[in-house]
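The chain below stands alone, shown as structure tokens; this is the form predicted alone.
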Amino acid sequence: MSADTLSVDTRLAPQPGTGSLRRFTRRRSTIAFLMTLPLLLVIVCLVAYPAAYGVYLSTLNRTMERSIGLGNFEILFDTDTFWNVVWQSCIFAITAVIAKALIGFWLAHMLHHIPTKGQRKWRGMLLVPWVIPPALSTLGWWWMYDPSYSSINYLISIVGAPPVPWLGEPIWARAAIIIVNVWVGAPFFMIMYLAALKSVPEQLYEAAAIDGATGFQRLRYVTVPMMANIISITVLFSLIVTFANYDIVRVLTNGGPRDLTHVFASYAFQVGILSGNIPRGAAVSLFMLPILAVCAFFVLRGVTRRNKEQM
């Protein structure tokens, strides 16, 4: 064999490590990781790092010069206002989410039985409250609740009822906040449930009708079980967003009257930014974590159990 032939064979022979590198880049897991890497970086920078920094801030004193451990949490636990905020946040979130789920479920069923052409128009109109920025739409609600120029009270006065102090009394102020939150969030439930309804096979309804099932029985034994996972995930997502709601409370009541309409987000802003105690404000925000973690655990466990039963 000549020297020229040996040199050609050497150039054509695979270099050490080239084949393993090529196999590594062709693996599906590697390709998936490389494609999701930008999203992972965004999550780390915008979610993981701020969360870790918030935990660190909650352990500092007011001047952020030394660590006091769980001192901020101990101070909050001894404050009546904080426990009122916990109670109000839970009542606000649970009531609003249940109302949004029920209204969204009803609207989805109404739209599902409308012809496709008319359904597009109604779907677009009903999505308007969800599309408009909440802070902007809440200003309109604030005008409607205004004690002097309230359009809602004007309509109430037509039937001879006394005016309602929407933003002046704690009970009515809480109700006003819940109403606005339901108005903003119900279209999200509607569109999610409508998509789930369209994925339910019509054969199941036909089989139930042949067996003599009533409309309520078809809803209970066919529709709800088929939509159970979507309902659970939507409720969990809305619960997280509602607990962290800030703009509606800030625009309507700013936590008043007498700090009786604060939720976690608005109270954390008041303590951390307006009062200048950022570590304690971070502690208020972190208190949402165990509550939402417990809710997420039970909801996701139910979803996992239903998926295993369907396999």
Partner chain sequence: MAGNGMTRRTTLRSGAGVIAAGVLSAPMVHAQGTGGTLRCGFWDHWVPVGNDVMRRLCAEWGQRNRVDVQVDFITSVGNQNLLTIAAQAQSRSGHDILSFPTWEPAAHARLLEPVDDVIGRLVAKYGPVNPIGEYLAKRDGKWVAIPAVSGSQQKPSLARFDLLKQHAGIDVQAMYPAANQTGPGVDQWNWDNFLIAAEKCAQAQVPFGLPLGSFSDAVDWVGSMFRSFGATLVDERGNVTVRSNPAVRQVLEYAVRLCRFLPNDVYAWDDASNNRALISGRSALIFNPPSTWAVARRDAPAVAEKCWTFPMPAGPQGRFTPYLPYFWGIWSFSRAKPAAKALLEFLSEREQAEAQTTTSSGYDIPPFNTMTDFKIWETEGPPTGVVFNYPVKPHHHAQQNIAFAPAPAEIAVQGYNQAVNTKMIARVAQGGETIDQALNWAERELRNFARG
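Here the structure is a predicted model, which means the values were calculated and not measured. Positions refer to the first chain, counted from 1.
The same protein has a further form, the form predicted together with the partner chain, not shown here; the description that follows concerns it.
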Sole residue of Ile248, Val263, Ala283, Val271 within 4.5 Å of the partner chain in the predicted bound form, by heavy atom: Val271
Heavy atom within 4.5 Å of the partner chain in the predicted bound form - residue from Gly140, Pro115, Pro147, Gly215: Pro147
Should Glu202 be counted as a contact of the partner chain in the predicted bound form, where contact means heavy atoms within 4.5 Å? no
Close approach of Asn254 to the partner chain in the predicted bound form, 4.5 Å, heavy atom: yes
Arg258 within 4.5 Å of the partner chain in the predicted bound form, heavy atoms: yes
Please check if Ala175 has a heavy atom lying within 4.5 Å of any heavy atom of the partner chain in the predicted bound form. no
Report yes if all three of Gly185, Asp211 and Val303 come within 4.5 Å of the partner chain in the predicted bound form by some heavy atom, otherwise no. no
In contact with the partner chain in the predicted bound form (heavy atoms, 4.5 Å), from 216-224, 70-78, 229-237, 116-124, is stretch 70-78
Select from 166-188 the residues with a non-hydrogen atom within 4.5 Å of the partner chain in the predicted bound form and write them out in sequence order. Leu167, Gly168, Glu169, Pro170
